[in-house]
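Shown next as structure tokens: one chain only, the form predicted on its own.
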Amino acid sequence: MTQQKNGNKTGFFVPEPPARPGERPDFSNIDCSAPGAVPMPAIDCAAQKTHEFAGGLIRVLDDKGHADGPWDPALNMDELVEMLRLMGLTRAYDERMFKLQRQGKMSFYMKSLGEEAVAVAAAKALDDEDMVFPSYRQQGILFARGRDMVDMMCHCISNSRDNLKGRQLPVHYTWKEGSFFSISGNLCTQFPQAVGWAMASAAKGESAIAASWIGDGTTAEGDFHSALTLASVYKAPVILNVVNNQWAISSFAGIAGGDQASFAARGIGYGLPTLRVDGNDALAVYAATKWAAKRARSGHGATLIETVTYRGESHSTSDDPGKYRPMDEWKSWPLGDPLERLKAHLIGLGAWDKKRHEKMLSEQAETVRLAYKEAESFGTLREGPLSPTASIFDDVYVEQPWHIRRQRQDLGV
């Protein structure tokens, strides 16, 4: 339904995406600043000075893989290759896990196709002790921090080695040792939690900061606004990331207000400086995260970052994107594929080539295959063994109250 005007009468308005199934993909609404065109502000800049950063798009890599401009982080070859490796590993893991879900070997899965740079590049720009409060498409952070792949898979199939003992959906990971906070299926709970953690870190005089990620649709949740208010008032050392991948579950970004103004622009109204970043440019994501981290550690407070990207796959294995958007729309995305763009950059530098790339992808696919074979040795979703029934009473109370002890006795466990 579109807006109708007739004299003084205005019809009811419902935002519509540029293209629907069967139509040609249309990304003419995506404003792509030229690589290097957006300047880098001082880390102590005021929120009202960041209007141009909320409307532009921070980019480093051009269409041919050349790096340009003040945001180029000038990473060395080893660092660039490592980012490419981690992004490739994330994609290989996703491919395998998606297929295994379709085979009935796990109940649910969510891929991060097209968004690998959002997680991996940000993780490499943070310190290992920085606490991350992720959404459900940041598995690349786990790989960047060295999480054991077998443990991740054991969680997804809820076997006897699942560190969450079957209490969470697959892909709702947590890893205390890696400063990776438990993923919540309730949208946006992680934003105020990240702000609160950051405030506590500052109050204790620690240098660790927090970072969190939500999707574009989640900005319509009340917790988003509460988090921004707290972060601004208390100058919390936190980075708040809105991953604008163009689609929520089945509604496009305009339903959350993305057609009216950028999601980055919302931060300015709360007194937060904002950056809008090409989320498929690993160097740009790294540089923006590094800038925000330095700002937070210097006592200047929080930053809101909008990473502009595209969800290349379905929202989850329970979703059929063919019902609400053109087939293969991902292939028309004007900001390209994050892996291919970083690959082109490395080839241009003489540090990579197609043969090495194909070898890497082949080896990663085999690594993932062998990891799953090992994961199944600890049990399968269908046949077990699973976590023991008695474990449902663990890890909740320091000292179990009488009614919990009674319930356990009634179950005979």
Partner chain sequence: MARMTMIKAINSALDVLMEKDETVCSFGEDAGYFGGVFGCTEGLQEKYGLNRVFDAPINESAIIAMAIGMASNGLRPVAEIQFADYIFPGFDQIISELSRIRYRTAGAFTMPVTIRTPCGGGIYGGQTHSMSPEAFFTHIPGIRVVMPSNPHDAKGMLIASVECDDPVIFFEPKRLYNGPFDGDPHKPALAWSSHEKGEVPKGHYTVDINKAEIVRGGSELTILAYGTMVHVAKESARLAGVDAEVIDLRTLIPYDMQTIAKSVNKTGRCVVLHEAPRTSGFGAELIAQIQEDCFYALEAPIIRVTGWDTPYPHAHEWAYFPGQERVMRAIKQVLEN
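Superpose the two forms; the largest set of C-alphas matching within 1.5 Å is the rigid core. Computed from a prediction, not measured in an experiment: that's the story for all the values here. Residue numbers count along the first chain shown, from 1.
Only in words, not in the display: the form predicted together with its partner chain, which the text now covers.
The single contact residue among Ser232, Ser201, Ser158, Gln101, judged by any heavy atom lying within 4.5 Å of its partner chain in the predicted bound form, is Ser158. The contact with its partner chain in the predicted bound form, taken as any heavy atom within 4.5 Å, belongs to Ser251 out of Ser226, Thr174, Ser251, Gln193. The candidate spot formed by Cys45, Ala287 and Lys373 lies out of contact with its partner chain in the predicted bound form, as no residue has a heavy atom within 4.5 Å of it.
Residue heavy atoms within 4.5 Å of its partner chain in the predicted bound form occur in exactly one stretch of 346-354, 380-388, 33-41, 57-65, and that stretch is 380-388. When contacts are judged by a 4.5 Å heavy atom cut-off, Arg167 counts as touching its partner chain in the predicted bound form. When contacts are judged by a 4.5 Å heavy atom cut-off, Gly178 does not count as touching its partner chain in the predicted bound form. Of the heavy atoms in Lys331, none are within 4.5 Å of its partner chain in the predicted bound form.
Remark: His403 counts among the residues lining its partner chain in the predicted bound form, judged by a heavy atom distance of 4.5 Å or less. With contact defined as any non-hydrogen atom lying within 4.5 angstroms of its partner chain in the predicted bound form, the contacting residues in 391-413 are Ile392, Phe393, Val396, His403, Ile404, Gln407, Asp410, Leu411, given in sequence order.
In a rigid-core overlay of the protein, Arg20 has its C-alpha displaced by under 2 Å between this form and the one not shown.
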